[in-house]
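Below you will find one chain, with nothing else, as structure tokens; this is the form predicted alone, and questions on how it binds or moves follow later.
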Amino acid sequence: MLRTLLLASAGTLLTTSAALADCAFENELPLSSLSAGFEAWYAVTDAMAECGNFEAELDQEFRTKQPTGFAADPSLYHIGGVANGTLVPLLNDGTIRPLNDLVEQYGQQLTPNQLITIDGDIMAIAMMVNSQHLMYRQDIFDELGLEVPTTYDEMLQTAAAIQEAGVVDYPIGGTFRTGWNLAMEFINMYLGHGGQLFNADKTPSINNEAGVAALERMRALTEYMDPEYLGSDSTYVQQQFQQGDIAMAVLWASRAGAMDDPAESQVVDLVTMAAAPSAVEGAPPASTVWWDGIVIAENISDEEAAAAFQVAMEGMDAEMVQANNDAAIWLIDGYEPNRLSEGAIANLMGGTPPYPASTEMGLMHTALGDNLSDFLIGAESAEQALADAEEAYLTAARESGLVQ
């Protein structure tokens, strides 16, 4: 199942100047990476840094910085941390290199699930599966006698009961930050309603009954969130959980391990994972499946590419997984599933689809993120917000030659 899914589909610096004993490859070239800033990437880049001469930039805005950074000549980064959707702009720009020779020479330990192959070339190495699934406070649910919601209707009913009990500041946390996060929430909900994002000619298909239903469900959820939800991203929701401010949220599996970090969490062992709620009864969990992994820049020397790949392999080895088993749902040998991975695995078993990464999807994601917030705050109708998003997409698609 994982193989089928995979093939279908502000900044922190970590530095080191000396190779440490735990790295089998002693790197002598200055190397750098740019990736997201969640727990799994900290674990991987920490392991990479053990090889020496390596600087990692971890930044939640990596998706906007990578295209420019990799397009520079020479590239500003040697290694990029990517996922389904963020790989596409780099592919389109030709700023990352095929990895076939490097895999043959230095990647014998990699599993088939990890090799992201496009048109016969290995263009990325996947390290983990990620998905937005339900996280909820088990102690609050037990205290109030609540059942785990399996649909969004049930989630809203559960939120009302939690709000009435007054046990947390806000029953629900949501990654509704205007831009990429808000678009992701709509895509999950829209696909969950059975919507199709495009017509056969790549024109948009979102201003319809499913689109309106998705937006209305999203606005209903905001009634139980922090009023500043349009500024709420994954880090904010994670912190809401850790500080005991919310009772449930649909949040990335990559954030699950942080709930049990005693150094920063007040809810250790209290947050349970489950499948994302379905948008409609009987439908798959309203989410998408992603992979995260690495790419190597095109605009660097072959010597740098070989060193960067070997450093990346050291960061993605069984030793790293054994030390950070709970930080992700790893695709690396040595991973042992645990309670923190139950939600993402339930999504997979429930039929959650892969994120539909493509060039047109990148344009649609941007158009949605820029145009849906007006509906949520009551400034315009759902139909108008969707029409605005369609028009923004069409403008960008015509400029890029995707649509005539």
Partner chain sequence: MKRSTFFAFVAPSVVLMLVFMAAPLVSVLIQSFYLTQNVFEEVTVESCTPGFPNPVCTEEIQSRRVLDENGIPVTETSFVGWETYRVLLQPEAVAEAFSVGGGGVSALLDIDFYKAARFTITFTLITLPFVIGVGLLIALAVNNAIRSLRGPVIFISLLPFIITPVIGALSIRWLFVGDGILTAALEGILNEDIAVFAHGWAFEILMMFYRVWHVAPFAFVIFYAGLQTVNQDTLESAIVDGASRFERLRYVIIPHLMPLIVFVALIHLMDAYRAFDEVIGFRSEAHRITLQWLTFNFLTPDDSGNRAISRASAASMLTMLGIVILLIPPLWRTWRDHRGR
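Numbering follows the first chain given and starts at 1. A quick note: this is a predicted structure, and the numbers were derived from the prediction, not measured. We call the rigid core the largest set of C-alpha positions that still match within 1.5 Å between the two forms.
The protein also exists as the form predicted in complex with its partner chain; that form is not presented, and the subsequent description refers to it.
- None of the heavy atoms of residue 138 is located within 4.5 Å of its partner chain in the predicted complex.
- The shortest heavy atom separation between residue 366 and its partner chain in the predicted complex is within 4.5 Å.
- Residue contact check for residue 374: one or more of its heavy atoms lie within 4.5 Å of its partner chain in the predicted complex.
- Within 4.5 Å of any heavy atom of its partner chain in the predicted complex lies no heavy atom of residue 390.
- Of the candidates 193, 217, 202, 97, 202 is the one whose heavy atoms come within 4.5 Å of its partner chain in the predicted complex; the others do not.
- Among the residues 112, 145, 166, 282, the one placing a heavy atom within 4.5 Å of its partner chain in the predicted complex is 112.
- Proximity of 60, 161 and 175 to its partner chain in the predicted complex is absent: no residue of the three has a non-hydrogen atom within 4.5 angstroms.
- Contact with its partner chain, judged by heavy atoms within 4.5 Å in the predicted complex, is confined among 250-258, 305-313, 81-89, 209-217 to 81-89.
- Scanning 240-256 for heavy atoms within 4.5 Å of its partner chain in the predicted complex gives 243, 245 in sequence order.
- After superposition on the rigid core, the Cα atom of residue 98 is displaced by 2 Å or more between this form and the one not shown.
- Annotation for residue 72: C-alpha shift of 2 angstroms or more between this form and the one not shown, rigid core superposed.
- Once both forms are fitted on their core, the CA shift for residue 130 between this form and the one not shown remains under 2 Å.
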